[in-house]
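Just the one chain here, laid out as structure tokens, in the form predicted on its own.
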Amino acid sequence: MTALTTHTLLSRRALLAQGGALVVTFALTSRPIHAQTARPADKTVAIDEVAGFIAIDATGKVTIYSGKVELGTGATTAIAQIAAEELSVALDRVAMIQGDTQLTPNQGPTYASLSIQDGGMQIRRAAATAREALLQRAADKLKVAKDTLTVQDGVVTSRAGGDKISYVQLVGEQQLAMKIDPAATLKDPKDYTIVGTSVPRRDIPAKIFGTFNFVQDHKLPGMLHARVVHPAGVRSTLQSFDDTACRKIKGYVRAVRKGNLLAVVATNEWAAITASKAIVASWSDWAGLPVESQLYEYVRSSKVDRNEVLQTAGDTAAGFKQGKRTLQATYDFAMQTHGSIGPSCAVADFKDGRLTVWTPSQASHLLQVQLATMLSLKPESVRCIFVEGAGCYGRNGADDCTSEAAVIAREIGKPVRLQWMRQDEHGWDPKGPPVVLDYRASIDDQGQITAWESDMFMPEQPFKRSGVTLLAAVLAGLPKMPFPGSATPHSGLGIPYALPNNKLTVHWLLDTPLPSAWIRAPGNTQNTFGNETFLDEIAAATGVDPFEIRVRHLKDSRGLEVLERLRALAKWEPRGSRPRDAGAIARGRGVTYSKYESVRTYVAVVADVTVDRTTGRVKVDRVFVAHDCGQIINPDGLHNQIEGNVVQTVSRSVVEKVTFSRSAVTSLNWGSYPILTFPNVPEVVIDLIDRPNEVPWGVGEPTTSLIPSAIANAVYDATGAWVRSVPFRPAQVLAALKLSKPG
């Protein structure tokens, strides 16, 4: 089964005539959705209704309507496991419909490692409510006590008389139009047969064999192809354009201009590509970006919206007076792009005042409202249908590409497929913003930390979970949806350790050099880099082993268990137990720990690195991970998630950095914005701590936040040099090595 579906709409009466259904039936196919269809009149998308999430058709097939979508993380396979387990049906009977604003409840965007923790648990409660209701119906029909019934693979059996009745028979003409019961009895984890097992991901076979249909493969009758010609500068304005040369291209249809949004449209993709290169556009000069070499000075001097104390304990002023030695360090984190391997793509159709888009957006319900605002439509006149694209790990260019496709489709009155090129993706996706972090701490004669203060300079918008302004609205001068205040748990930016006097102040900046959005573990990656590297600097200054300084200041038993499991997994030897390598090649190990956002998922990491003192090159050879996210739904899927987190963040830590002129991004291809290559992918060794009786927490981001500091600490262990600027490219490492030399 693939993640894509064709919706076969049947009337309720027709369904009931075939044996009954909760809501509506769907036939699964490997082809994308080819036609815009209306939502069935009796299909609710209410988030508090069982029928919003679950349907059972006349054959016993269960369809789960998930607002959370598959972004390459295996989340929908895990959600199907959760639903099948709680309903007591075979997993192969469960199909998934995802991210369709007319069919699925709004469970919020697929981000922040909340797909299972929030989205999966909503579906678990809906499934438990449905199961309990069906058991009660069975008890009534069989005239037995409910507690004498068992259910397996959708068939209810009476332990007393052996009578059986199926879910299909129980549904009959009684739909489960009921509120989800938050207190519905959940299945005891000791009875699990599906949750906790390594079910293979459903989408992988088709992707391996090239039969999977991504949004890039989606087609509509009469569909045209488009390319956008983006401005020469970030805020350049379009003065004129000439498409005379384009008219000689076979298949060229026309140019589309809406304000500063310029596109070419053709009957085939190659003609659109050729026309985008042939059109002559004149743009105004604009040079409002900072000087790249002065980026962090720009960040530090940017206008502050407000200063917020996010964590405080004791009296740091008094603590500094008690100390005998003060340590200080500044860390910075580069501006980075999402670097999706496949550039964004979307298909849009505007017809009879209604817009339908097929989009790889991670936030189809939010995008629905944004598109409606941009085009002055009612939200119900916009339908967003999720179709998988390239993985995003944050808000990449997918929504912006979709917004441009929507504007073009409305302008030309025909369905249009817009495919971004590599320079569009690298140049115009919103960036992970640059961040500066200042630390200082005081140490007494016994090496105890008497005070700890940190100041972080970062823009708040990318850390808000409310959205990002659509690029098409900016370029075309169309209405932009206002975003509410932040919903991000800012307190999670603090340290997880019990220090007697500590204070964290964040200076929320009003703007960023380039439009920004969340990118894998936003804020937490940057602050954990600063927190955990500075703690290691204190450990080195006081002669304490890095593991020991963490254990000494940690009071959380689950956190301590994670650290001890990691210590055994990595076969850690106390720092200083072996001399540093004296030659050109130095090897080192670094440890780091986090309780993600201070409220969930415990992770600890050891990184083994090799540093070439001659070239400054850092290679991460091996990463050990101890991981506690509570109840594990799919161990193999969790392994895959952690491995992906490690590989991507190693790339961000040692390679990735956006470059720019005073006008625009200049790292527009893989040559100028390199990512980690296969020969440099580290071995990843993982110890999973399963807690079946605990709630499941998120896994998509937590490991990410630890990798930069683990590498930095390992570089110090190898060379005695502190690297404080991400990424740790050779030039930065060589400069740090030079500073670390005596004299």
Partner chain sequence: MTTTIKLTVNGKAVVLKADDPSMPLLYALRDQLGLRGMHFGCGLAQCGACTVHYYGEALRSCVMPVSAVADAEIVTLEGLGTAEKPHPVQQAFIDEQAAQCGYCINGMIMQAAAFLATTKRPTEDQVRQALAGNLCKCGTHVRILRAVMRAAEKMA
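All values derive from a computational prediction rather than experimental measurement. Positions refer to the first chain, counted from 1.
Keep in mind that the form predicted together with its partner chain is not shown, yet the notes after this line are about it.
Although the partner is absent from the chain shown here, 209, 390 and 648 each have a heavy atom within 4.5 Å of its partner chain in the predicted bound form. With its partner chain omitted here, the record of contacts in the predicted bound form names 672-680 of 672-680, 713-721, 688-696, 43-51, defined by a heavy atom within 4.5 Å. The partner is absent here, but in the predicted bound form a heavy atom of 213, alone among 175, 213, 663, 316, sits within 4.5 Å of its partner chain. Contact with its partner chain in the predicted bound form, judged by any heavy atom within 4.5 Å, is made by just one of 260, 302, 640, 107: 640. Its partner chain in the predicted bound form is approached by residue 422, whose closest heavy atom lies within 4.5 angstroms of it.
Residue contact check for residue 270: one or more of its heavy atoms lie within 4.5 Å of its partner chain in the predicted bound form. Contact between residue 500 and its partner chain in the predicted bound form is not found at the 4.5 Å heavy atom cutoff. Residue contact check for residue 564: none of its heavy atoms lie within 4.5 Å of its partner chain in the predicted bound form. Residues from 338-358 that approach its partner chain in the predicted bound form with a non-hydrogen atom closer than or equal to 4.5 Å are 338, 339, 341, 342, 343, in the order they occur in the chain.
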